[in-house]
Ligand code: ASP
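Just the one chain here, the form predicted alone, laid out as structure tokens.
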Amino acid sequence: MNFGIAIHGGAGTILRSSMTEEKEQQYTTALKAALHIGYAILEKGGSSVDAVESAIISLEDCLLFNAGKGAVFNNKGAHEMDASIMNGKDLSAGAVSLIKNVKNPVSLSRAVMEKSEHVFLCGEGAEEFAKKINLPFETDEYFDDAFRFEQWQQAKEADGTFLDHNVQTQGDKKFGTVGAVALDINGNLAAGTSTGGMTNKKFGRVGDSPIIGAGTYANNNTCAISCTGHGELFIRSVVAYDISALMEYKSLSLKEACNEVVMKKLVAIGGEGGLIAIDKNGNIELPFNSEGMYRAMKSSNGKELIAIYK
């Protein structure tokens, strides 16, 4: 049985010209570490859900990515995080949004999926549930990063919301999200996504990351998907589910379905970003219509890739 994993750390205007060699090395190292953590679980016969959660925790614990520890500042100077996870075996899913101080939002998503009768919890209620099951919390300072603070100051001055990493100009867009998809040796698919949202976001804004079918989807009959992009447009396009539906109802291959959604449907409405996908046979696709996407994949057929640019 084939198995494999793919991860992402966000998409957008990621240009070689604005990337130092040192920074690129840091991103590559962080992606590789998360990839190998997830792959090692699959290699030992572990579940796709375990692999996805563990890979995402590694990315959430890294300051480079807009999730967990590296989450951006909202308009009030706080860190509001969203996450979701889905098990393709039985279509069970868990999601959280607008949570604060929870160290690993993806783990809370999994707890919602496995330890509650619900799918989606948000805000203080989700935090209350996290405390009840003794998940680790961190202080505000744990999430405070000088680089993110500078981004927030820039966004406040411009009175806009920015879509992550480094904001030099309005044309420089970054969609900071992390995610993972995996297929295990038992043929079970899983997907997960986690984000700190938009810099300077207001009014409790939520993007596609915690929304099952928009930013995250997994179904053993088809594929597992985790998205990163301009969340509003990914929600309107129900991107993750659309790819599964094209495979299920139109018999498209994973590659064809990804191409149809990311390169045609999203582009037609101005939706920028990308996604990672794995199908029930272990085929992996990493399509994006932006300048770059932090991405990595490793498959039991020996293929491994870690890449940033087109």
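Every value quoted in this text rests on a predicted model; they were computed, and no experiment measured them. Residue positions are given as counts along the sequence shown, with the first one as 1.
Quick note: we don't show the form predicted in complex with the ligand, though the next part is all about it.
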is_contact(residue 208, the ligand) in the model of the complex, heavy atom dist at most 4.5 Å: yes
Is the gap between residue 231 and the ligand in the model of the complex 4.5 Å or less for some heavy atom pair? yes
Mark residue 88 yes when one of its heavy atoms lies within 4.5 Å of a heavy atom of the ligand in the model of the complex, and no otherwise. no
How about residue 189 - does it come within 4.5 Å of the ligand in the model of the complex, if we only consider non-hydrogen atoms? no
Which of 125 to 133, 109 to 117, 193 to 201, 94 to 102 sits within 4.5 Å of the ligand in the model of the complex, heavy atom basis: 193 to 201
Select from 2 to 39 the residues with a non-hydrogen atom within 4.5 Å of the ligand in the model of the complex and write them out in sequence order. none
